[in-house]
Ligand code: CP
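Here you get one chain, nothing else, as structure tokens; it is the form predicted on its own.
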């Protein structure tokens, strides 16, 4: 079961297709057991340290509940608790924590700092979100699509909005499993070119494509999955009104959904700003799987923990 035994999970790039599918099969089993209120103590006496520079509802609850259901313990650590805000080197923090914990989950601003944390850690480090990537979210997203559609290869995935950390990881994860990926953003808000080039390399192995487009209709057309995120991410500059003017053509609304495949799924990592990136009608429609997607954070991350922690 432990195909990722002892490894870090810093970005979705680190997983191959077979490893992704192993995680999905484990998540599927754990989800079924959870529904029956059956919990195996697969991580009995293990402790996960959770470092938070940014608050989060879904990340904290899903990891805490997941560890408890697996028989282990999760320890919440804010940046102030660890004195990171007061200048203690991340390398020192990492070496101390990894002598006391079985794994470290970090939701921090800087991908570079996360990589330093991992470089000095003797236990697995999990990226629970940085400025560059959000791989635990993507794991739950792709698992949800796999559950709903029964396949991944050949599906059209459309991302609408800012080329941010959620976008980067959505593109990587979809390209890794053979989906055709379209990303539509206004000028100046494209995803990182290096990330896009890596995604195109992954896509070539499947014979699929990764396209950046300006016209949102090109992304919406015949899409099997439509995904969006907030237009103003935490820490970004600019007013909501400025963003609204720039991004409104990329809003996911009924007109957009009519261009998509009749069974198109609408997805959002949450929290959502309704009537901005998505209308209330779409968010609450039968096409929307946002709350199943959110629930799957628990099951997909439990699978990840089981595979990573010795």
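Positions refer to the first chain, counted from 1. All values reported here derive from a predicted model rather than from experimental measurement.
Keep in mind the form predicted in complex with phosphoric acid mono(formamide)ester (CP) is missing from the figure; the text below concerns it.
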> From the list 43, 257, 265, 269, which entry has a heavy atom within 4.5 Å of phosphoric acid mono(formamide)ester (CP) in the model of the complex?
Replying inline: 269
> Using a 4.5 Å cut on heavy atoms, which of 127, 228, 137, 183 is close to phosphoric acid mono(formamide)ester (CP) in the model of the complex?
Replying inline: 137
> Quick one: which of 26-34, 276-284, 242-250, 53-61 gets within 4.5 Å of phosphoric acid mono(formamide)ester (CP) in the model of the complex, going by heavy atoms?
Replying inline: 53-61
> Any chance residue 107 has a heavy atom within 4.5 Å of phosphoric acid mono(formamide)ester (CP) in the model of the complex?
Replying inline: yes
> Is residue 299 close enough to phosphoric acid mono(formamide)ester (CP) in the model of the complex to count, meaning some heavy atom within 4.5 Å?
Replying inline: no
